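Single chain ahead, by itself, as structure tokens, in the form predicted alone.
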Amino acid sequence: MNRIGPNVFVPPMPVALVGAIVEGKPNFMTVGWVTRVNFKPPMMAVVLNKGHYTPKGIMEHGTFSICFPPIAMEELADYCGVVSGRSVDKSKLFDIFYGDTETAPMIMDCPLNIECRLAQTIDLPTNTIYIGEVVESYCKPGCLTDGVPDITKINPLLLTMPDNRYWSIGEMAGRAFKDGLNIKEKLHGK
């Protein structure tokens, strides 16, 4: 094994557009550090650098959205990460809708949107982790299979770092919590 240093990222990461109302208008920023962090209640976390504009709105309203763009929105999603809402009104880029909180802007063209109410922040040296309890999630009807979001239909944009490249998903490799049962049975019996 080669040593590659401590600044490592787990590939791939889903690309999300985190939305919040900042200074009275919807704003979206591109984020690669997003994950689910709790089962009941369902909670999501986004990690944002302290210098960004969007955290101001998250703290002001106590809400935010996590919108997952498809591959087709790659350039637009990247644009939202290279310009700041301090100087550019990104709300004009999207057809926006609101859910139950009425203060977490979401994007109609994103196949999956998650509306969150801020539950906790964790202060780190350069970033802050914003943990939100999921209020509701919204998925385009054409991106569901048996009522569940279908990753092949969503076709999410993925990110790898530190090479800063975007990717698409590949083929299904197996079934979680099922494929390992064969080994369990061999080693431990039924």
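Just so we're clear, the structure is a prediction, and the values are computed from it rather than from any experiment. Numbering starts at 1 and runs along the sequence shown.
What follows is about the form predicted together with a small molecule, which we do not show.
Within 4.5 Å of some heavy atom of the small molecule in the predicted bound form lies at least one heavy atom of M161. Of the heavy atoms in T30, some are within 4.5 Å of the small molecule in the predicted bound form. Contact annotation: T54 falls within 4.5 Å of the small molecule in the predicted bound form, judged by heavy atom distances. Although the partner is absent here, V83 is a contact residue: one of its heavy atoms lies within 4.5 angstroms of the small molecule in the predicted bound form. In short, of 60-68, 31-39, 138-146, 117-125 it is 31-39 that has heavy atoms within 4.5 Å of the small molecule in the predicted bound form.
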